[in-house]
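Below sits a lone chain in structure tokens, taken as the form predicted alone.
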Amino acid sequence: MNSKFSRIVVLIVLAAMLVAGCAPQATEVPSTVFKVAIVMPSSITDMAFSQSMYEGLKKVQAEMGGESAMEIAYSENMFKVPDAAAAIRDYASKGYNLVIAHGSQYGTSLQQIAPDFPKTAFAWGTSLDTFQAEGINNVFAYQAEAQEGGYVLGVVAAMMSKSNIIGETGPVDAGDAKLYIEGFQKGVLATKPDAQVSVTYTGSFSDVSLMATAAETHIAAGADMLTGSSQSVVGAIGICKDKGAFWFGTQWDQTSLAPEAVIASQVYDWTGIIKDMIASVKAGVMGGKGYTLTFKNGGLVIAYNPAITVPAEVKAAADAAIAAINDGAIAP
């Protein structure tokens, strides 16, 4: 009886093993693709504001595992706010998880659109207003503390200038352009109080000819070091190259535009902010956070042009300024 029972047990075990071997193997279910859309005022190759964010998104996408993990859609050259608003609304209606309105001029539109799509997270900059005061809870906001890099580059410009005349040109007296221009001026004057700093605003983010004309005016007045902000700076950089003046960039590394003229650039690294927004949305937090780019959190980086020699003492002064900004000893 015992022998018969043992044979039955063996047969049952063998049958179970056979069934297990024929059963389909368990496969890992791929996670849902996280969909990000971005609306930008200029192109993804503008060497400035739009490119900095687009490149940040591409870097995060690669770190997450590529297109199978993160989808990126974009609308570029959205200078007209109504067109940008239509694109923002369209992306939200198509179910994108995060829609980034990359321009302070899009704030009013976002304030109107976001309440219509409570399951979509939105972000915009440069600003720190998430509209929570208006009862909106699905908007992130971000701002580059551009005055920090502006100050450091102003120190470098002042120490390398031979004429002690500096020219600055911005698009409008607002946003990160204003922060950068004023920070740069403070850095120059803190280093050389007798330096002359001339500031102009063109009134346009996109007019390359106006930026070029402003650069010509600065150089004609004796400026040998120039800087400016917005995607239109390609005009000014071209003038610096032709006239033998030097340039300091911001938002993106602008060295490739004129290796003989660009001394250094402040680069925006948005990757940390992008990662946190994605993680927040996945955790169910759809907005309400304001982010900043600073030297301290790694969001701001100074990129020197290796083709132009910056004296060791100048770089040391720049490093000291960064340390003082991080410690709070300097408030640019």
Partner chain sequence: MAELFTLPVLVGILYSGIRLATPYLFAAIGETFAQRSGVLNLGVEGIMLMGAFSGFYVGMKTGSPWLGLLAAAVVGILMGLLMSFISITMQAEQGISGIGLHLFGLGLSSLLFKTTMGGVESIEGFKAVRIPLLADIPYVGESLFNHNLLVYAAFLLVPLSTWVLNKTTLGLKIRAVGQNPQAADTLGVNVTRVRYFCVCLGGMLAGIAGASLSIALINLFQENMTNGMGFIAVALVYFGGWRPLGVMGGALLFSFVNAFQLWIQVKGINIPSDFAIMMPYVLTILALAFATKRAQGPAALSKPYERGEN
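Everything quoted here is computed from the prediction, not taken from an experiment. Rigid core: the largest C-alpha set superposing within 1.5 Å between the two forms. Residue numbers count along the first chain shown, from 1.
Just so you know, the form predicted in complex with its partner chain exists too; it's not on screen, but the next bit is about it.
Novice: Only one of A307, V285, V301, I44 comes within 4.5 Å of its partner chain in the model of the complex by heavy atoms, so just point that one out.
Specialist: None of the other options qualify; the answer is I44.
Novice: Name the stretch: of 44-52, 57-65, 271-279, 287-295, exactly one has residues whose heavy atoms fall within 4.5 Å of its partner chain in the model of the complex.
Specialist: Going by heavy atoms within 4.5 Å, the stretch is 44-52.
Novice: At 4.5 Å between heavy atoms, is S198 in contact with its partner chain in the model of the complex?
Specialist: Judged by the heavy-atom cut-off of 4.5 Å, S198 is in contact with its partner chain in the model of the complex.
Novice: Using the partner position in the model of the complex, report whether L189 sits within 4.5 Å of its partner chain, counting heavy atoms only.
Specialist: No, L189 stays farther than 4.5 Å from its partner chain in the model of the complex.
Novice: Is S204 close enough to its partner chain in the model of the complex to count, meaning some heavy atom within 4.5 Å?
Specialist: Taking the distances in the model of the complex, the answer for S204 is yes, it comes within 4.5 Å of its partner chain.
Novice: Is D224 near its partner chain? Define near as a heavy atom within 4.5 Å, in the model of the complex.
Specialist: It does not: once its partner chain is placed as it appears in the model of the complex, D224 has no heavy atom within 4.5 Å of it.
Novice: Listed by sequence position, which residues of 72-108 have a non-hydrogen atom within 4.5 angstroms of its partner chain in the model of the complex?
Specialist: Going through 72-108 in order - heavy atoms within 4.5 Å of its partner chain in the model of the complex - the hits are E76, N77.
Novice: Against the rigid core, is the Cα displacement of K80 between this form and the one not shown at least 2 Å?
Specialist: Moves: yes, 2 Å or greater.
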